[in-house]
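Single chain ahead, written as structure tokens, the form predicted alone.
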Amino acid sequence: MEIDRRTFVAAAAAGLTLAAKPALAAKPSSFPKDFIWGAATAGHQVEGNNLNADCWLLENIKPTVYADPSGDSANSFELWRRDLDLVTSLGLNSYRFSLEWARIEPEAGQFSIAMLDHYKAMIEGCRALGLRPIVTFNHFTTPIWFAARGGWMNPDAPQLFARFCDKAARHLAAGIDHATTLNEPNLAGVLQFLLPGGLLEADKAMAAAAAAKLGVPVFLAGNALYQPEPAKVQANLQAGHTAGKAAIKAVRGDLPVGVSLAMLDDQEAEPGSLRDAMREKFYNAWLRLARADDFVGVQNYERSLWGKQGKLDPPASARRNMMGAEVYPPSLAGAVRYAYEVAKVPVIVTEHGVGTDDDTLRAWLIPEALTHLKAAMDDGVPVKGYCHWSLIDNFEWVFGYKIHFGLHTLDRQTFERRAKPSALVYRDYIRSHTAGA
């Protein structure tokens, strides 16, 4: 079995859940007029031909755990204007995308003005269409040179990331609406406690092959499953977030900056369950760190129900995603409520969706989940926005192109994008549930 971080959030929940759903108000109140409605992508997953990235090297080495190489992906490096048109066609007011560190700093200390100008054009393109750019400074992938120095295990990693954030912010910060430093850093180093040993061994062998090819002791990619020293990686990621945020704020102090975290909706089946211990392991250090941020990004795909001995099995009647995990619409609101309870700062849903070829499942999930999210807001949770993952079907890391999260299909030969029925459900929900719409 091959797995990536996002699919961990889905696959780790397989066997974790019960079917009960909280009741909803019959007529939920409207979302505020200034609510952020968006769709999300990430650079390596849609741009294509990201030749200087750690992931590109691993996709094309032997042995590899990647089902497909990313190749051209959706060719969004060239077709980003088309992607913005898709966003506006759905009546959204925001687009979340990421900078590719490997394009901007292909060699250590060598920064490409041309690539910075490319992302500046994207930001200005969003603004011209009335879209609020939510920009992630690092969405997993790192430059090959960074991974070859030990990646986030390198004691210099926080400062190297802060240097990149400084250069990028000086060129780009003026037009950004909200910024996140890192994407799902809380999962680095914990997957080895959750995944089959054989998968981790395969990932370790792939990294060893990359290290041998480059003649370095360790090659640690930003999206690595196997982490030789997880505590060191977590410490450096947390320091990197703090240093990166400070670098961005030094350029533009009024730019809201946060971090996006992967969160399950953890529920307690019985007193004395493992729920609180699991929350401490997976999120709490980052949620406490986020108290110093302007907001926290929540990325939720599943729930988990915990007993004293572990996770409970899903009900036989549960609707399932492509990985076999239960699709449970209230999980988003549950994760958001807990994030705010601990972090005590406003929340933006930076990712939420479902990997499936059954678009009726996505069309059912979106309004159900959003209505529960609004109920949380009515209870006082300050949620500023919602970004659906993803705008288009794209490269899903080690799964290649087999898992489909998109609101739009992708023809990988012609790069044509076509709206799925669920995209129109999302559009129509916004129209009917936004104040003044």
Ligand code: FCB
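When you see a residue number, it is the position in the sequence shown, counting from 1. Predicted model, so just to flag it, every value in this text is computed and none were measured.
Same protein, other form: the form predicted together with this ligand, not shown, and the subject of what follows.
Engineer: Counting any heavy atom within 4.5 Å as contact, can you tell me which stretch out of 149 to 157, 293 to 301, 234 to 242, 118 to 126 lines this ligand in the predicted bound form?
Structural biologist: Of the stretches listed, the one contacting the partner is 293 to 301.
Engineer: Residue 396: heavy atom within 4.5 Å of this ligand in the predicted bound form?
Structural biologist: Yes, residue 396 is a contact residue.
Engineer: Is residue 359 close enough to this ligand in the predicted bound form to count, meaning some heavy atom within 4.5 Å?
Structural biologist: Judged by the heavy-atom cut-off of 4.5 Å, residue 359 is well away from this ligand in the predicted bound form.
Engineer: Are any of the heavy atoms in residue 83 no more than 4.5 Å from a heavy atom of this ligand in the predicted bound form?
Structural biologist: Close contact is absent here: in the predicted bound form, residue 83 is far from this ligand, nothing within 4.5 Å, heavy atoms only.
Engineer: Any of the heavy atoms of residue 70 lying within 4.5 Å of this ligand in the predicted bound form?
Structural biologist: Contact with this ligand, no.
Engineer: Name the residue from 142, 98, 321, 183 that puts a heavy atom within 4.5 Å of this ligand in the predicted bound form.
Structural biologist: If I apply the 4.5 Å criterion carefully, the residue I get is 183.
Engineer: Could you spot which one of 326, 351, 105, 266 gets a heavy atom to within 4.5 Å of this ligand in the predicted bound form?
Structural biologist: Only one option qualifies, and that one is 351.
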